[in-house]
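Let's start with one chain on its own, the form predicted alone, as structure tokens.
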């Protein structure tokens, strides 16, 4: 009887272990997961500027009738272990974190700026980065965010320094639909990120 009980306990433990390390888990895929507070809010990454830089889209107001939805530079970084998985498999693993830091277009005195918002600098006329103005984070977790299309959730730590320490996920209808309709790979706009395109096997 005692041996039967022990066997049952061991079988249950093995089953739990198999579940924890299933192919879809971040642990099994070797990806460093986001940290979450006890209330479910995601915690700000500690070192996002040291992650792998993948690209900087820019859609300035001056080129969009003054109404660009995203008029800032978007410096985009992917967490290194998630990048390694992408580089190996061409897929975004569960646990993938992608940070997007918003940066204002460099401003100068009005008489030194062109009508399209560009400025002349030593390298020529163009758009140059000014000050940080926001930090956002995208996390893929099909278990935690099973109610979010694709398992992706989107967060903002605010638009002024210092950034907030935690953030709640946006409602699914705020971000997911656009990503699902227009992103090239698994809700990610890889068409704008040459580093990811070059690394895809």
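It should be emphasised that the depicted structure is a prediction, and the values quoted were computed from it without experimental measurement. Positions refer to the first chain, counted from 1.
Quick note: we don't show the form predicted together with another copy of the chain, though the next part is all about it.
*Asks:* Looking at 44-52, 150-158, 166-174, 29-37, which stretch has residues with any non-hydrogen atom within 4.5 Å of another copy of the chain in the model of the complex?
*Replies:* Stretch with heavy atoms near the partner: 44-52.
*Asks:* Test of understanding: in the model of the complex, would residue 90 fall inside 4.5 Å of another copy of the chain by heavy atoms?
*Replies:* No.
*Asks:* Please run the contact check for residue 142 against another copy of the chain in the model of the complex: heavy atoms, 4.5 angstroms, yes or no?
*Replies:* No, no contact at 4.5 Å.
*Asks:* Can you tell me whether residue 66 touches another copy of the chain? I mean in the model of the complex, with a 4.5 angstroms heavy atom cut-off.
*Replies:* So residue 66 does not count as contacting another copy of the chain.
*Asks:* Does any heavy atom of residue 75 come within 4.5 Å of a heavy atom of another copy of the chain in the model of the complex?
*Replies:* Residue 75 belongs to the contact set for another copy of the chain.
*Asks:* In sequence order, which positions of 153-191 have a non-hydrogen atom within 4.5 Å of another copy of the chain in the model of the complex?
*Replies:* Result: 178, 182, 189, 191.
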